[in-house]
Each structure stands twice: as C-alpha cells, then as structure tokens.
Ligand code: ADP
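The chain below stands alone and is given in structure tokens; this is the form predicted on its own.
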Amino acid sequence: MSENCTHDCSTCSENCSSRVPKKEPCNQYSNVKKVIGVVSGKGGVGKSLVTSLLAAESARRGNKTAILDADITGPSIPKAFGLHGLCDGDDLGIIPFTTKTGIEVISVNLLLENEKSPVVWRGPIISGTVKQFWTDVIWGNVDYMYVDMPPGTGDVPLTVFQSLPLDGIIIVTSPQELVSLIVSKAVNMAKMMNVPIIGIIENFSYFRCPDCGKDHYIFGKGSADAAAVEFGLPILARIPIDPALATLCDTGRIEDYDGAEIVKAAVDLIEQA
C-alpha cells in the first residue's frame, strides 16, 4: 500500500494487497449469469463489431443475450443493430431496447433526444453512467452479457473492471506491428484487476478475393500470433475485411451476417469461462 493511499480504490489503479474490489449489485429485477468484457489497448480495432458478432452468435444458440454499451462518448452498438429512439422506464428501472433476435441493448444513444448529439461529460459522470447501466436497467434473466468498452485503460474500463462481476475479457486487435503493445496494455490491466483473459480476436485479418478466392493479408500477417505466444493466449477468431459485413453494420442488420461462424470458437470458450 502506498503511504499516500486514500483508501478509495475507485480512484486508484494500484494492485496493492489492501485492494478489495467492490462489485456493484445488479438491478433487483435482473439476474445476469455471465459478463464478458470486450476490450482493446487502442481505438479503431473493431470492439463494437466483435461485441455485436459475439452477441448475435450467443443469441443464435438460444441464449438470452444482452449488450451493455460502455463506450459512452462513441457508442456504435445501436447503429449496428438498427436501434433508434428513447428507452422507456418506470419506477422499477430503465427498460432496454430489444433487437429483432431478442438481444437486449442499453447505450447512451438510446437515452439522447438527438442521437447525433455529442456526449461532452466529465470522467466521473461517464463512469457513473456506466454503473447505472448495470444497476438501473431491468435486464431480467440474462445468460450472457457483453460489455463493449471504450479503448484504453482510463476511467470507464477501470469502472467496469472494478464494479461489474466480469467473468472474463476478450482482447480485440488488428494485424499490425503495434499489436504487442496494444495487447500488453489490456493484459496488464486484466492482471491488475484479477480478471481472466479468454483470448484474442484479430479484426481486419485478411481480404478474400471474390474472383480467385485467395486471401490477401493487407495489413500484414503474424503479429497477432506473436502476441498470442508472448502472452500465452489463444487466437479465438480472425475476422476478414468483408464489404458485406461493413454494409450490414451501416444499415443496422448485423444479425443478418451469414459469416458468424468465424466467432463460433470464441463463443465456445466464453461458454466454458
């Protein structure tokens, strides 16, 4: 313990012996069995895409599935699922939106009068909002909840790691030379918070030519494999550069993607976590 310790673990990232994480209780009308965080050490690698694909595959297997969009300043989940409008609520709590395949979703974009309005909030308010998504939303009975986190290791990821009962995290990366650095940040934070790491998913992995069927590794090849070996983690999936997938995200039809088998192995391990 530092001699300057304030005994307020919510403002500190030190991994000292006195740290006793205090998990926030879920809404009293909710029962969430398993919570999986989707994280990365940097932005733009496709955490929201991976979160959407994982949730869609979980729901496809008949599981009651939910997404907590913790990326407060850059929410992408509602657009991927074609969700617009404002959440309802009552004295019991906030009622999440439900996608066409039954996935429950909460996101700050579903609480704004104008979804294009920027969220210009200080860190404590953003962190408090994420906590409220967990404590004030009536989730009901959920088998798997996926938490789409903002990039980095700042306020919100720290809030999620400390306040939510995470059963494990998925680290999302891309096939570039910065992979080791990106993964190391997420790995080290997970270790500090004693959260299990399920594995790595590589996005933008390759492009499959529609004419010849050959895979082209536009952003390079092997960096994710090297990082996986370095940290002793499995590669759970390699998501290709697929124009059809991009179009489905842009038009709110991510659940219609017929290539969801690419994340089946990842969901298999999530179910075992």
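One-based numbering along the sequence shown. Note that this is a predicted model, so its numbers are computed, not measured.
If you look for the form predicted in complex with the ligand, you will not find it shown, but the lines that follow are about it.
Undergrad: Would you confirm whether the three residues 66, 160 and 166 all fall within 4.5 Å of the ligand in the model of the complex, going by non-hydrogen atoms?
TA: No: none of 66, 160 and 166 comes within 4.5 Å of the ligand in the model of the complex.
Undergrad: Looking at 227 to 235, 27 to 35, 202 to 210, 55 to 63, which stretch has residues with any non-hydrogen atom within 4.5 Å of the ligand in the model of the complex?
TA: Within 4.5 Å of the partner lies stretch 202 to 210.
Undergrad: Can you tell me if residue 218 lies within 4.5 angstroms of the ligand in the model of the complex, counting non-hydrogen atoms only?
TA: Residue 218: no, not in contact with the ligand in the model of the complex.
Undergrad: How about residue 256 - does it come within 4.5 Å of the ligand in the model of the complex, if we only consider non-hydrogen atoms?
TA: Flag for residue 256 set to no.
Undergrad: Consider residue 44 of the chain shown here, and say whether it contacts the ligand in the model of the complex, taking contact as heavy atoms within 4.5 Å.
TA: The answer is yes: residue 44 has a heavy atom within 4.5 Å of the ligand.
Undergrad: Going by a heavy atom distance of 4.5 Å, is residue 261 a contact of the ligand in the model of the complex?
TA: Heavy-atom contact with the ligand at 4.5 Å: absent for residue 261.
Undergrad: For a quick check, can you give me the residues of 56 to 82 that have a heavy atom within 4.5 Å of the ligand in the model of the complex?
TA: If the 4.5 Å heavy-atom criterion is applied to the ligand in the model of the complex, 56 to 82 yields only 76.
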